[in-house]
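Here's a solo chain for you in structure tokens, the form predicted alone.
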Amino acid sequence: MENLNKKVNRVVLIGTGAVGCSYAYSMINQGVAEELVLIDVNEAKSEGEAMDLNHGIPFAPSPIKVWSGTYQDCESADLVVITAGLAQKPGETRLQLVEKNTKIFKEIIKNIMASGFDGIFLVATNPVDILTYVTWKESGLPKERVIGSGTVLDSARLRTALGQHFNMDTRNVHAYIIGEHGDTELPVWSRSSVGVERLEELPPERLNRESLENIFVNVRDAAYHIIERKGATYYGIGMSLVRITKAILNNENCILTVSSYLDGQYGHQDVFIGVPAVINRGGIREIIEIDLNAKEKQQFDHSVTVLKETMKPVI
């Protein structure tokens, strides 16, 4: 007889703003989990979003239960995704949000842990690297079960830009951005390729250093350009979060540039920062240490320093 009590995947989303709702919409359209709980300080907002999303479920690829819940629903959740917090304003850097959102996060994590939650955290709120650290500290969970969205979106933006430059399917572009999800992030050109061709070995008529730098600057500053035009970014990060969610719930053992805790890797410790990591049902299985060249190592060290200096007043 079929086991009617089979364990289902429950994901709890904290924050039903533009990013959270983009994530929820993508989750339903991709059929990633069996249960999705929405929580927001504005209960009417989360109730309305749950109602609206439920009306589209007949067109979803697989059944899913969606409802507006409370922190107690986190008790049996496999994954809690946090998108709550104040958004980045035009002209404001992600790091300038640190004090305001740290205070909000400490209260959120306290409420989640009071439910008995013992799953995995996925953090998206900016400054994501610092707030992932705050989540780890406040929750007391093992470091491998606290993950930030890191530079997954930045890496996707880089792959998109390179794909457009070469008129190539972005899925055949292999390139990573690591470091802070912000102004000190860096591209790992020494390990980037299009298909089987390494970027650094391409002739100048196909891609030169100036072109590479322009591509990176546009990727690094993409959020500023989008915020200036439409007020916020949310589709890209929403889909990035779904990609990480799938890697966790499906036990994929795939490599994504998430914000991970360094404990000696890359010569650093006691910091969450975007690096390639293997993701599976247990969270972060391992961090992949790339052999960076001298310039990349210097840039990465600088990124770590900036994050640690910015964290000092709030940690």
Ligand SMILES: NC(=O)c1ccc[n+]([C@@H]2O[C@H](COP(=O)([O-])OP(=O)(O)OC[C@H]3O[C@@H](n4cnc5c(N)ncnc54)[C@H](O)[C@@H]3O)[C@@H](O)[C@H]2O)c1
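In this text, residue numbers run from 1 along the sequence as written. The structure presented is a predicted model; accordingly, all values stated were derived computationally and were not measured.
Although it is not shown, the form predicted in complex with this ligand is what the next lines describe.
- The single contact residue among Ile104, Val194, Met239, Cys74, judged by any heavy atom lying within 4.5 Å of this ligand in the predicted complex, is Ile104.
- Residue-level contacts in the predicted complex: of Ile288, Ala60, Cys254, Val41, one residue has a heavy atom within 4.5 Å of this ligand, and it is Val41.
- Note on the interface: of 209 to 217, 195 to 203, 104 to 112, 163 to 171, the segment with non-hydrogen atoms within 4.5 angstroms of this ligand in the predicted complex is 104 to 112.
- By the criterion of a heavy atom within 4.5 Å, Ala232 is counted among the residues contacting this ligand in the predicted complex.
- Proximity of Gly85 to this ligand in the predicted complex: non-hydrogen atoms within 4.5 Å are present.
- Interface membership of Ile178, defined by any non-hydrogen atom within 4.5 Å of this ligand in the predicted complex, is ruled out.
- Although the partner is absent here, Thr135 sits far enough away that none of its heavy atoms falls within 4.5 Å of this ligand in the predicted complex.
- Counting a residue when any of its non-hydrogen atoms is within 4.5 Å of this ligand in the predicted complex, the hits in 111 to 131 run Ala124, Thr125, Asn126, Val128.
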